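What follows is one chain in structure tokens, specifically the form predicted on its own.
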């Protein structure tokens, strides 16, 4: 086996000479980005310079750039020249974000505490609050009837340093929300959402979070400003109280280029 074929086997790629020029350049440019020849946030050279550097035609260089744009490595929206996407991560600190102690000390929501801890400025918009029948997956997790029960649906958009990072749709059984700010107001007061749940006798003691990924819908792409080729992370969160009863479900849709997940989990015997 030659050295070249060995390298191809290790990387899982076809030998370069068998690839179309745009794919060969895309592979080489991807390697250079991963090796920080071109650093995060840096403008790439012009297509002419890139074409000369990688030994391809200018239109081929443009096609290679589009391949890496579709992979989320390059951002060329609203710019004359493409830029290497920055690898920023706003970590969702699963072991800490729902801490009752932290909420009582700061009076802040999990998102605000989490974002500020990471040196960013949080903002949350709540464009809608409504009483609806629960979606089937929500009813199942709350242990209620999708046909007979009602929930309050609260829609929240989350920003860090004025950049949209996630959407959260919270579903609360009507029996818990009725007659409270949970059903009527974007302003939750000190302790935010989980402070109001505790007022109603539901202190969060454990959570279940189901995590998956997918490509965004057109509406999510526009609202969250998701770059081309970047997926979203879906987190279906269920809050569970001191009596082991679920009392809220929140479906988070998170930009995968900005958000990361950091969990510490105690292992069962």
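Numbering follows the first chain given and starts at 1. Note that the coordinates shown come from a computational prediction; the quantities given were computed from them, not determined experimentally. Each form is matched to the other, and the largest set of C-alpha atoms that superpose within 1.5 Å is called the rigid core.
Below, we turn to the form predicted together with the DNA, even though it does not appear here.
Interface membership of residue 46, defined by any non-hydrogen atom within 4.5 Å of the DNA in the predicted complex, is confirmed. For the chain shown alone, residue 70 is not a contact residue for the DNA in the predicted complex, no non-hydrogen atom being within 4.5 angstroms.
At a distance threshold of 4.5 angstroms between non-hydrogen atoms, residue 20 is in contact with the DNA in the predicted complex. Residue 82 belongs to the set of residues with a heavy atom inside 4.5 Å of the DNA in the predicted complex.
Checking 200, 27, 60, 238 against the DNA in the predicted complex, a heavy atom within 4.5 Å turns up for just one residue: 60. Residue in contact with the DNA in the predicted complex (any heavy atom within 4.5 Å), chosen from 33, 56, 204, 233: 56.
Stretch 47-55 is the contacting one of 221-229, 206-214, 47-55, 239-247, since its residues have non-hydrogen atoms within 4.5 Å of the DNA in the predicted complex. Contacts of stretch 209-227 with the DNA in the predicted complex, defined by any heavy atom lying within 4.5 Å, are made by none of its residues. Relative to the superposed core, residue 62 undergoes a C-alpha shift of no less than 2 Å between this form and the one not shown. After superposition on the rigid core, displacement of the C-alpha of residue 251 between this form and the one not shown stays below 2 Å.
Fitting the two forms on the rigid core leaves the C-alpha of residue 26 displaced by at least 2 angstroms between this form and the one not shown.
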